[in-house]
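So this first bit is one chain, no partners, the form predicted alone, shown in structure tokens.
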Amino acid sequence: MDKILCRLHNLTKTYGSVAAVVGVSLELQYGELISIVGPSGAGKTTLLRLLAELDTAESGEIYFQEPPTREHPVVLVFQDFMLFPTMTVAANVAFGLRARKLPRREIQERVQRLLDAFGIADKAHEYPGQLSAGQQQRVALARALAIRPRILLLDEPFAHLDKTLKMDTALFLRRMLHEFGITAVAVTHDLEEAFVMSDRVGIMIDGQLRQLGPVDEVYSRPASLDAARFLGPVSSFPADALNAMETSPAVEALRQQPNSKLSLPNTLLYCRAESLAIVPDAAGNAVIEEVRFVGVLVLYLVRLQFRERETPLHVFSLENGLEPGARVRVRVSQVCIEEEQV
């Protein structure tokens, strides 16, 4: 069987004069979880609504290898859970099965399996108001999986959870979806959440799907400067600034290639903060202007001096002993040109 469950081809959706989704195409594979990330207003939720058939595109098409049915629908889970407050946990999970008039024994077996898998079997006879936010999230997901959806759509699924619980739940969801063989699409603003739980990540900006691929590829090989900037600190600089840095063997080899764009002084390059490193050096040609502790790493704002010019650089480092005003040398291990990784 073809591994492709669903194809979206050139979808476009507008609201008045606002283009919410512009020419989006992608393929969903059986059993994978794709997260779509992007700034507010990028068109992420509109894309979910098109998949759920809550909205209709002006152009383009959605093709299913196996079309959704009443028994195996496309299910959209909202961020506010929408549990029935007067029903127990077990009754909430069983709701869709009872609506489909499945045999009582099959309903009981499915519900029990899900309660066990989601670690909430001891909450079966409690009500949503008696549960924590994390437990309510698990009930909502179990209810959605109970009817074995063709595709599970998640709109900011962990928005109400704290950071630690969010990561735990994201990992848990990934395991559950793989175990049950469910294809899912999630939209989120949280990059860590998307990276932890996803097989592939897509970046939407201004209604366009700028990039879609495996998590490590999207992060380390950005398709554009806009996509790179959305995923974290990025420094941009002219190619001749490389002459003032220590370059990795890979970057240097590319500089020496015939007709290399890296040899053109005005070519604009960019790189991630972790692709740069700084080394204390009293005679160095860069000065630390600002030091910010951002968790595990320290983010340094460094001003590199070259050919009577200066350029600001963002550098991630594990070191935290350097202070503003210190002179350093800068090393670069990887650079990008707009639309091209080098």
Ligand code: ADP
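In this text, all values refer to a predicted model and were calculated from it rather than measured experimentally. Numbering starts at 1 and runs along the sequence shown.
Keep in mind that the form predicted together with adenosine-5'-diphosphate is missing from the display, and what follows is about it.
Note on the partner interface in the model of the complex: the residue among Val328, Val332, Ala20, Leu11 having a heavy atom within 4.5 angstroms of adenosine-5'-diphosphate is Ala20. Checking Ser317, Thr45, Ser275, Gln305 against adenosine-5'-diphosphate in the model of the complex, a heavy atom within 4.5 Å turns up for just one residue: Thr45.
Just one listed stretch, out of 65 to 73, 285 to 293, 308 to 316, 34 to 42, contacts adenosine-5'-diphosphate in the model of the complex at the 4.5 Å heavy atom level, and that stretch is 34 to 42.
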